[in-house]
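Starting off, we have a lone chain in the form predicted on its own, written out as structure tokens.
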Amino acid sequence: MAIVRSPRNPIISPADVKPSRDDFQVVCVFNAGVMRFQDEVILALRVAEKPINSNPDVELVPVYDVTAGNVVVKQFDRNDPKIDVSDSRFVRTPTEQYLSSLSHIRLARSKNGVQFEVEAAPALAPANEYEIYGIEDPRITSIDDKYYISYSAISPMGSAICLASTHDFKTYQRHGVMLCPDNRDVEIFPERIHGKYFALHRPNSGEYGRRDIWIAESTDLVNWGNHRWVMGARENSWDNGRVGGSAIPFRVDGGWLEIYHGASKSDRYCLGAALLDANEPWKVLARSKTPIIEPEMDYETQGFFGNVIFNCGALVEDGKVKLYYGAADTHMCYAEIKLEEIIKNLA
């Protein structure tokens, strides 16, 4: 498909983001929700930070301390055989698995949708027992002049889904846990269907190893139920490892179009699309035969976790789907494609 990447890619890199405190460094900025608000494009960025560390014999891990009410730094001996730092994303001890960085949500604003000014302070930061290891991968849905931000809340209890809202992207109201662990990748539909709210989500089956897309419904955006399976990995396809929702679904002729991410069994992440029934969105009418976009550029294949294109937001304007995506779990990038190209590739 004729995907057009911005020549400015990456449009936001870690060096463009001010650390939240002087003893931290920004290591990743990626997986942003997106919304057009007034005359600006707003990105809700996932910003991952680590403590500055000049000692190669120790690993420093930031966590939110519920008792202290702030972020503290734990220290581990890298020479201790019981401490596993083989995966750059984690620090594993005999009793616990920590994330090597702590994520928060930071806003960036743009007039032209490509050149962004990143705000100096977090919009939403870890603040409770469900967010001890950070908050990640926000998606933004506009419903009735209110903006709902769903995000993954990470703690020793697992990955829960929390919900916040705002009217102005300046002040925020937290609504608590929306879906319990282990769950990720929630996309709330931007309008009611037969009077109900719907949301795609991706529970993780630890026993059977399945990571499929499900759907839930609600009458109030707080209490969710009537969960239904939507779709899973396809054995002989580019998404044969796992799937999860990415951008907020949007209406097209014939139903709802969901941009989703699919990973191969070798953890190569691409984006595809699924056409969902207009009135029964748990029914999949068609899916992308080939990826919309796949890791090809150096900034997509090399980074904190390479060969990854992961998307939490898109704008649909002027017949184009404008994708804001995380590249190699390191940078924010931009690409666009004609909507008709995506539709043609469905089967």
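Remember, predicted model here, so these are calculated numbers, not experimental data. In case it trips you up, residue 1 is the first one in the sequence shown, and so on.
Below, we turn to the form predicted together with a further copy of the same chain, even though it does not appear here.
With the partner omitted here, the residue from Asp168, Asp144, Glu207, Asp253 that has a non-hydrogen atom within 4.5 angstroms of a further copy of the same chain in the predicted bound form is Glu207.
Checking Gln97, Asn240, Ser88, Gln75 against a further copy of the same chain in the predicted bound form, a heavy atom within 4.5 Å turns up for just one residue: Gln97.
Contact with a further copy of the same chain in the predicted bound form, defined as a heavy atom within 4.5 Å, is made by none of Arg268, Lys289 and Gly306. Contact with a further copy of the same chain in the predicted bound form, defined as any heavy atom within 4.5 Å, is confined among 120-128, 209-217, 102-110, 186-194 to 209-217. Contact annotation for Tyr133: at least one heavy atom lies within 4.5 Å of a further copy of the same chain in the predicted bound form. Although the partner is absent here, Cys180 lies within 4.5 Å of a further copy of the same chain in the predicted bound form, judged by heavy atoms.
Within 4.5 Å of any heavy atom of a further copy of the same chain in the predicted bound form lies no heavy atom of Gly244. Contact annotation for Ser159: at least one heavy atom lies within 4.5 Å of a further copy of the same chain in the predicted bound form.
Contacts between 294-311 and a further copy of the same chain, taken as any heavy atom within 4.5 Å in the predicted bound form, involve no residue at all.
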